[in-house]
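Starting off, we have a lone chain in the form predicted alone, written out as structure tokens.
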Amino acid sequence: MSQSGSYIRIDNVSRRYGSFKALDDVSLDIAKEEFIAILGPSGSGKSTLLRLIAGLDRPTEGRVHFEGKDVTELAPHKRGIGMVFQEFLLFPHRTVRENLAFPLRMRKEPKADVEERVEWVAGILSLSTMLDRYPSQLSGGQQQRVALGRGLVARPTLLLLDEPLANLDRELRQEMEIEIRRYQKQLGIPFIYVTHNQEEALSMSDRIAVINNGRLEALGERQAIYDYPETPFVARFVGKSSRFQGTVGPDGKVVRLARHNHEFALPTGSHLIAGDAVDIFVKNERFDIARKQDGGSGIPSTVVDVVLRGPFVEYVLETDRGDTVIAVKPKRNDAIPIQERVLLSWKPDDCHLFKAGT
């Protein structure tokens, strides 16, 4: 990934609507040729941030810069951006060619330039053989490519995408994730992609900005966001995890679970001290499961269901305290059967600990 300085800078931006603060002091630098995902739950402020970058709204405080120039007050059509929305917004009575050409015709571009750019974007998006079809004659993925083409046809310096795959089925969405990332690398312009879907953010982006309650909760490379969450919210929201509570023992070397007869060594590099109450997050794929009859230590549990997920198996476990935990393991011929008694555990460095209340 090319990180040659800041191409887009969001500088201490806040946005209030009356007494409600939709964004609270958000700062973010985006490099040229970078694909960044803005990830957060519904109502977190991620779409508000996108609107401020696009110029569709103005910040209450803070500034927005493109290539070192303050564009905070600049109209959207003067920012050189393209936008793709959740709804395809295609004209049903116009062909693919006419849909692609529409943004350029609105700008009164010369006919020769319009034709050249339509052919260019159709080539990139594999739409060249479909230019004379109507939207009703296209599949969902093809319609999405046309919507992308309308955002790209003017050759923007930045593309903003607001949950563009939300209306596609899972298989088609996964295909489009690969395609969109390929287009971004081919075009060499920054993509800012808003989504509440962590799988989309992890599969496509170079970096992820996690937004929660209007604040920037975390920012980092996608693998780091997943493997090393900085806050309990990120640990819970990015990846599927189970939460436990415990206390650091008096020797400062082990963590004892509050509701279960189990303890484990304090992870390497932890700054927690003896007596600290902690929240413990373990991702579903990091659990170890051992048959109780084989001995060892762990949380006594019972397998209540086994769900096949292709090459993986989800074991739905119920602990003796009545908690439900899902453990994901590679599929094997000797799968643990339903009603089997097991011991649930994890390696110390495979969990994330936070002081309770943080």
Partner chain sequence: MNLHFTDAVIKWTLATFLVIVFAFLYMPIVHILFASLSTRPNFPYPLEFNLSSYVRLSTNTVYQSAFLNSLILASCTAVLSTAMGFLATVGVLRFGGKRALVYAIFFAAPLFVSEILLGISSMALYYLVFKLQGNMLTAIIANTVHCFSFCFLIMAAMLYKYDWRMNEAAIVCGASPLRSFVEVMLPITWPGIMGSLITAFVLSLNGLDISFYLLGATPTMPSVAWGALRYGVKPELYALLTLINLIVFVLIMGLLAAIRLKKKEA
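Bear in mind the structure is a predicted one, so any value in this text is a computation, not a measurement. What we label the rigid core is the largest C-alpha set whose atoms superpose within 1.5 Å from one form to the other. Numbering follows the first chain given and starts at 1.
Below: the form predicted in complex with its partner chain, not depicted.
Of L216, L125, V255, I81, which one comes within 4.5 Å of its partner chain in the predicted complex, counting heavy atoms only?
So the residue touching its partner chain in the predicted complex, by this definition, is I81.
Answer with one of R150, R117, R173, H260: the residue that has a non-hydrogen atom within 4.5 Å of its partner chain in the predicted complex.
The option sitting close enough to the partner is R150.
Does its partner chain come within 4.5 Å of a heavy atom in each of Y228, P300 and R321 in the predicted complex?
No.
If we take heavy atoms and a 4.5 Å cut-off, which stretch out of 70-78, 263-271, 204-212, 173-181 is in contact with its partner chain in the predicted complex?
The contacting stretch here is 70-78.
Is E200 close to its partner chain in the predicted complex, meaning a heavy atom pair under 4.5 Å apart or at it?
Looking in the predicted complex, residue contacts with its partner chain do not include E200, since no heavy atom lies within 4.5 Å.
Since only the chain is shown here, I'm wondering whether K111 would be in contact with its partner chain in the predicted complex (any heavy atom pair within 4.5 Å).
Although its partner chain is absent here, K111 would stay clear of it in the predicted complex, with no heavy atoms inside 4.5 Å.
Would R94 show up as a contact with its partner chain in the predicted complex if we use heavy atoms at 4.5 Å?
Yes, contact at 4.5 Å.
Would P232 sit within 4.5 Å of its partner chain in the predicted complex, counting heavy atoms only?
Answer no; every heavy atom of P232 is more than 4.5 Å from its partner chain in the predicted complex.
Relative to its partner chain in the predicted complex, which residues of 158-176 have a heavy atom no more than 4.5 Å away?
Heavy-atom contacts to its partner chain in the predicted complex: only D162.
Does the distance between the two CA positions of N261 reach 2 Å or more between this form and the one not shown, the core being superposed?
The answer is no, as the C-alpha of N261 shifts between this form and the one not shown by less than 2 Å after core alignment.
Superpose on the rigid core, then tell me if the C-alpha of E109 is displaced by 2 angstroms or more between this form and the one not shown.
Shift at E109: 2 Å or more after core fit.
Is F85 displaced by at least 2 Å at its C-alpha between this form and the one not shown when the rigid core is overlaid?
No, the C-alpha moves less than 2 Å.
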